[in-house]
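To begin, one chain is listed below as structure tokens, in the form predicted alone.
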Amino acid sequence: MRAGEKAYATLRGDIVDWRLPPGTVLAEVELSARLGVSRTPVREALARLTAEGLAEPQSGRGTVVSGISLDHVEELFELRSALECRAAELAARNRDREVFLELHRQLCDAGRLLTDQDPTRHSYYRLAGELDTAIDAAAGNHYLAQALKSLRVHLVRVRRLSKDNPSRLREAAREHGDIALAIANGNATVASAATTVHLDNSLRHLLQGGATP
């Protein structure tokens, strides 16, 4: 992996996982020393992060981790709805039925993943991520997949502002299961509608202080 790619991947992960919280100064000299690379790859990484909206220039401070607020979450969900509903429709038309039937089975049993032994809900979010990946692959639209990938980074950061709600996550798992089943059945209209229901419920619970899968 190139030095610039490595620096970018490390910093991007640190920002998304809030190891570098909003407002953190991304000083080239310090980052170069921490990552063990020269300043040039760090500069390249910061340029990419800025282009993605994860970092931003700030007068007198240089580059900092960009802020994130629930004030803009409705705008994110407007875009999310347009992209994810279309992806679900395309996936339903091009799907591997068995892949989505298996995801449906796992999502219907996802309650077992929401335990006190996994307070970060990593196992659950990984399963939800597998559904996203399967939908992107079945949709078969490179540009749509890239747009969703960029959007999801910001959604993960937004999730950290909210409080996990196991009850809501169980509902969300069932909603994800409905999406997977509609795609497995090849019903584009139902897949889009199920996606809309899930996103509407997620937005409402997020704004009320709940979790957003």
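All residue numbers refer to positions in the sequence shown, first residue = 1. Model, not experiment: these values are computed from the prediction.
The form predicted in complex with the DNA is left out here; the points below concern that form.
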Within 4.5 Å of the DNA in the predicted complex, counting heavy atoms only, one of 58 to 66, 169 to 177, 143 to 151, 182 to 190 shows up; tell me which.
-> 58 to 66
Indicate whether the DNA has at least one heavy atom within 4.5 Å of a heavy atom of E28 in the predicted complex.
-> yes
Hey, in the predicted complex, does L49 get a heavy atom within 4.5 angstroms of the DNA?
-> no
Is S38 close enough to touch the DNA in the predicted complex, meaning at least one heavy atom pair within 4.5 Å?
-> yes
Using 4.5 Å between non-hydrogen atoms, is A3 touching the DNA in the predicted complex?
-> yes
